[in-house]
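In structure tokens, one chain follows: the form predicted on its own.
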Amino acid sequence: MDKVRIALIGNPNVGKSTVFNALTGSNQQTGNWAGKTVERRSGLAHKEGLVIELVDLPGTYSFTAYSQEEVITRDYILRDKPDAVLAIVDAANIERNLYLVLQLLEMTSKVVIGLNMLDLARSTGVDIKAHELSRILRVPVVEIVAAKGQGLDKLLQAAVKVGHSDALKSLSIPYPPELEEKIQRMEEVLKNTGLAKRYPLRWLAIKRLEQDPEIGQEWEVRAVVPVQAHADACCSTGNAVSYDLKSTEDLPGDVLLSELAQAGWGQEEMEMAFADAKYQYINQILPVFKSQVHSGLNLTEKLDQWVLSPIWGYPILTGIVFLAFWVSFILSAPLGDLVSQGMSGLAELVVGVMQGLSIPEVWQSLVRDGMFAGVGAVLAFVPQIAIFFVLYYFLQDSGYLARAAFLGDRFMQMLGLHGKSFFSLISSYGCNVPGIMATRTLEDPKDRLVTILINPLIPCVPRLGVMSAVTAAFFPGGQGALVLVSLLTISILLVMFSALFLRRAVGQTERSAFVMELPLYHLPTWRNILQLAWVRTYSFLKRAWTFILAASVIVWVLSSFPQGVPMNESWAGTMGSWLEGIGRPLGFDWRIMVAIVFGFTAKETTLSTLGILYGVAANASQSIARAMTTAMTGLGAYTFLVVYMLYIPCLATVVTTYKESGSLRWTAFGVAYNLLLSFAVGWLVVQGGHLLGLH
């Protein structure tokens, strides 16, 4: 069966992922690019006897070499040479999108443009003539509305046709004469080098003039040059000789670059000149294929007057965030109860069968009090997690989260962080693992490291679920809502303090500028939302039936043996007695300390551990929290909530921290910092409570 390999590129927020998901469905694979922390997605589509491999390249605004996304996308097109490249373009923001397309056309002519979001563009009064754009750029242009599945078959057919055809005559962007003269001089210098035999010569000349760092690093250690030019360089082989490049000063074109620099054409001036020339060309061709049907404010502009307002924007953001949490808690409560009741009924059924088979009591206890009690307590939070992710991806797909990041940039800049750090912190309210992975969008390594280290101070959904259950037991009614708000406030204040402290610890002194594109508001694609939410929820479910199940069984064994002794004399009780001295100043008994230790494996196991240690059956999680009321006071419960919210992140988060930071030293520092900070703040809460006469 014939196979075609097609790459998808585009700016962020142009609907590239929507196209990819619609064409590949469930036939997708995810992972990381070799040696990089950027996610790689590929998928298969079948059409007319063809197997079509689609590679979803990272979203990027350009093909320079300032971020991993840019380098990965550019290198895949140049080195892996896909049969065709699908460039997805937002019709409503076509000027900015065409800058990337022009850079792409300098690398390959085997391009098909998917003109997306035409319905949104037309709603703002913009009309795009696809046939005129195709004529100018000399590549097929297909009109699509990816969110509705319109035009995708035609787009895929065009890409397959281009993939099977010979290379078309590529567009040669008409640069001003002064730039053209420099390009031609550099082409003459590079035309016989090794890289010029693998890459388009005109593109290579432009990148060399821009002093692209990746080109400098990649340049072959052994270059091929004419004999006449370097007859005494080495030993002749045919009509050329080989010589070793000893340093970057030996790179081909350095003499020309030095000459240009003396004439005032340094690296920055050259980059700006080529960028300006591309935008001038876009402005020249724009009237040919684009027209504005009517003027006036469109829906996005009207909404942004409120959403991006320095006065109203922040209250709106706060209201939306709290509404998302409120909806996830309210809607999930009855569903969580149903899950708990279902697990309880299933436990009774399984134990009943075991009794009928005369299976020993110890094994019945393992199933009832270990497996079902532990995993059942955790599964009760699955509806809450699923609903949260649906709401999160709804806000992301609608275009609002980009506005939230814009508003959050001011707050982030106060802390010396990048506005993109806001995306990471917001993601962490769902789960710290994808929150830390979201730091991949940060170009500055030090910005990334600081954001990774403060990330675990944000309570994830599992932690929020446990906190909600304990809060409801100790602080009923409106008092509980105030307690949760106070806990989240403590978390945010500590994020601020830690960011300022950690910036100094990692030596981050410069503040990065934040530039991003704000997409038009649009109704999200529910298929995309549900698919992404299901991937995250399924990942949680896999952990519940594997990792958390194993942890629950271990806790049951530790709390049940030696048999015939009270639980406080079991192995778990013995371990708890060793730790009780640490927890006593905070009002924690041995059960709480054991639960805190096991919470390191996964935060959800704290609740399953408490359920087992307090002897609660696999039913509503709130009963576990109520069982705790016999073991601690209200002040002790609040202290537990503070420590639990802040102490060392779960094992998966620690592993992700190591993978994303690439540093065992900083990973260990982050774990130690969280642990010390949580107990220090917990101790301050206890002392403050005693001063206020609380117990």
Ligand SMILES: Nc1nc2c(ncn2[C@@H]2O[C@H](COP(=O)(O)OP(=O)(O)OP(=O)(O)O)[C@@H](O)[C@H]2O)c(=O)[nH]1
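In this text, residue numbers run from 1 along the sequence as written. Treat the numbers as computed from the prediction; the structure is a model and nothing was measured.
A second form of this protein, the form predicted together with the ligand, is not displayed here; the remarks below concern that form.
S.K.: Only one of 437, 146, 158, 495 comes within 4.5 Å of the ligand in the model of the complex by heavy atoms, so just point that one out.
M.R.: None of the others qualify; the residue that does is 146.
S.K.: Scan 449, 205, 120, 551 and let me know which has any heavy atom within 4.5 Å of the ligand in the model of the complex.
M.R.: Of the listed residues, the single hit is 120.
S.K.: Exactly one stretch in 518-526, 272-280, 457-465, 354-362 has heavy atoms within 4.5 Å of the ligand in the model of the complex; which is it?
M.R.: After filtering at 4.5 Å, what remains is 518-526.
S.K.: Could you tell me if residue 678 has a non-hydrogen atom within 4.5 Å of the ligand in the model of the complex?
M.R.: Judged by the heavy-atom cut-off of 4.5 Å, residue 678 is well away from the ligand in the model of the complex.
S.K.: Does at least one non-hydrogen atom of residue 116 fall within 4.5 angstroms of the ligand in the model of the complex?
M.R.: Taking the distances in the model of the complex, the answer for residue 116 is yes, it comes within 4.5 Å of the ligand.
S.K.: Is residue 18 one of the residues lying within 4.5 Å of the ligand in the model of the complex, judged by heavy atom distances?
M.R.: Answer yes; at least one heavy atom of residue 18 falls within 4.5 Å of the ligand in the model of the complex.
S.K.: Evaluate residue 210 for contact with the ligand in the model of the complex, applying a 4.5 angstroms cut-off between non-hydrogen atoms, and reply yes or no.
M.R.: No, no contact at 4.5 Å.
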